[in-house]
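Only one chain comes next, encoded as structure tokens, the form predicted on its own.
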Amino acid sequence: MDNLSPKPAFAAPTGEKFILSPTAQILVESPMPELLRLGNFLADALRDATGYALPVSVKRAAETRNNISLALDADATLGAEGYTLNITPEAVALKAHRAAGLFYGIQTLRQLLPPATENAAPQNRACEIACGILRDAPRFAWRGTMLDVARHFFKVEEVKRYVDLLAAYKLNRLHLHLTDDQGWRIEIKTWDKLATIGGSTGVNGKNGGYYTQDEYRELVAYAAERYIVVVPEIDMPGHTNAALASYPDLNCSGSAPALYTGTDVGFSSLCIDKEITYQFVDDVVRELAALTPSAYIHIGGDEAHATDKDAYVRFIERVQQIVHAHGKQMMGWEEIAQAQLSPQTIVQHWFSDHAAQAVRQGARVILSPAHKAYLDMQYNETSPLGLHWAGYVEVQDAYNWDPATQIEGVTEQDILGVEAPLWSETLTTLSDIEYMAFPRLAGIAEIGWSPQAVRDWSEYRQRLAAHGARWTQLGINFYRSPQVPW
């Protein structure tokens, strides 16, 4: 129990062991489909590794001994994502007020098993689980990461693998940066050239491609089964060269620029005063809203250096109305706080003091400070991947900050949560993604989940070291930081 991550709000180990035996069952309190699905999720995670049958069935009172049980609890103080886990030598009992809490308790339970159980090869030996009582719930509701699939495209199966890694650390948001100067990655049927032309290339001409609407739905559903909400981003009015290259009418000149494969920013803009621009935005948001069950549409809004400020403000305010008209909350990078925002709108801090301006308007914020949370920043000057315009971000840097004290004028009550962006200018493979995300993403997950009072770097680095063996079994290409005693 000393090596759990994120660190639980409360844990009291007893020093005893529960032995998962070949005859063990996964028991659920009722035949509710969601409970049965979670029971099978846990069983599937353990069957290959243990070689045990682990049947899933509805619990009868006499069956509790030597088994793992899942149940919904009337205790509303656990919230939507909290859980209790009571492990004795006789049985394991996981309870939560909502199904999401059971899912997060399952992640804790998996971490209590030996790292070798993450390997699909049967271990043919008893699996021991440390005994004790845990009561746990998250600090923040929003705990996420952003994946840039626009600079380089990543396929559905690669993103699914990333989703599984997020779920293991109780992250619950996947922000997909779907469009940028270098690529448009989502099929829009009313503007089909966005994908076929705008999605045809990437940085240095590599990793072109796009998600069909069916593929996007598949990703959203896969994430939802792991209680992860997909938040799609269509960046505008800047970062739009892929769209401008696809449709000449979106340009003030009426002429389309060439496709772009470099890494500069701030040079492109939609034509703010053309009515077709807003028809384009409305069509894109309408189709994306229909594909996305979650409440959010992210409209970017960052680094719009090629857009006049007054025009930028008019654009953001009109786009906000379009997003609301399609039944969604607008999100944007913190520059959008220069416009008049609805209190519903969510602002994402990354580099400036605009987040405090948003809070003064009644908006809430998500914290992604580039010098702490950007997973594409190099670890140090010798890192083979990444950039360093915001500085080098070692594992301790990514862990050692408190959202509540990060920005003057922004208090904990103003903060929805934290998110770690992973921009992909230098990343072309899943292995690259894993190297930049781990181990730093585990630290961001703990910032989002664990109470600030229980977090301490000197203790965390020891806990983190224990996860190296687990990541090795999972085949994760993680950075072995010299700050951590692997």
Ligand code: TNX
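Bear in mind the structure is a predicted one, so any value in this text is a computation, not a measurement. Residue numbers run from 1 along the displayed sequence.
The same protein also exists as the form predicted together with the named molecule; that form is not shown, yet it is the one meant from here on.
**Student:** Is there any non-hydrogen atom of Glu90 lying within 4.5 Å of the named molecule in the model of the complex?
**Tutor:** Glu90 lies outside the contact set for the named molecule.
**Student:** Does Trp423 make contact with the named molecule in the model of the complex, using a 4.5 Å heavy atom cut-off?
**Tutor:** Contact check for Trp423: yes, within 4.5 Å of the named molecule in the model of the complex.
**Student:** Could you confirm whether Lys170 comes within 4.5 Å of the named molecule in the model of the complex, counting heavy atoms only?
**Tutor:** No, Lys170 sits far enough from the named molecule in the model of the complex that none of its heavy atoms falls within 4.5 Å.
**Student:** Wondering, does Asp302 line up within 4.5 Å of the named molecule in the model of the complex on heavy atoms?
**Tutor:** Result yes; Asp302 sits at the interface with the named molecule in the model of the complex.
**Student:** Within 4.5 angstroms, counting heavy atoms, which one of the listed stretches 204 to 212, 91 to 99, 370 to 378, 132 to 140 is next to the named molecule in the model of the complex?
**Tutor:** Every other range fails; the passing one is 370 to 378.
**Student:** Do all of Phe10, Tyr83 and Phe103 end up near the named molecule in the model of the complex, with near meaning a heavy atom within 4.5 Å?
**Tutor:** No, the candidate spot makes no contact with the named molecule.
**Student:** Select from the listed residues Trp333, Phe315, Phe154, Trp184 the one whose heavy atoms reach within 4.5 Å of the named molecule in the model of the complex.
**Tutor:** Contact with the named molecule in the model of the complex is made by Trp333 alone.
**Student:** Of Tyr227, Trp350, Phe280, Tyr216, which residue is found within 4.5 angstroms of the named molecule in the model of the complex when only non-hydrogen atoms are counted?
**Tutor:** Going through each option in turn, the one that passes is Trp350.
**Student:** What residues, if any, in 224 to 255 have a non-hydrogen atom within 4.5 angstroms of the named molecule in the model of the complex?
**Tutor:** Heavy-atom contacts to the named molecule in the model of the complex: only His239.
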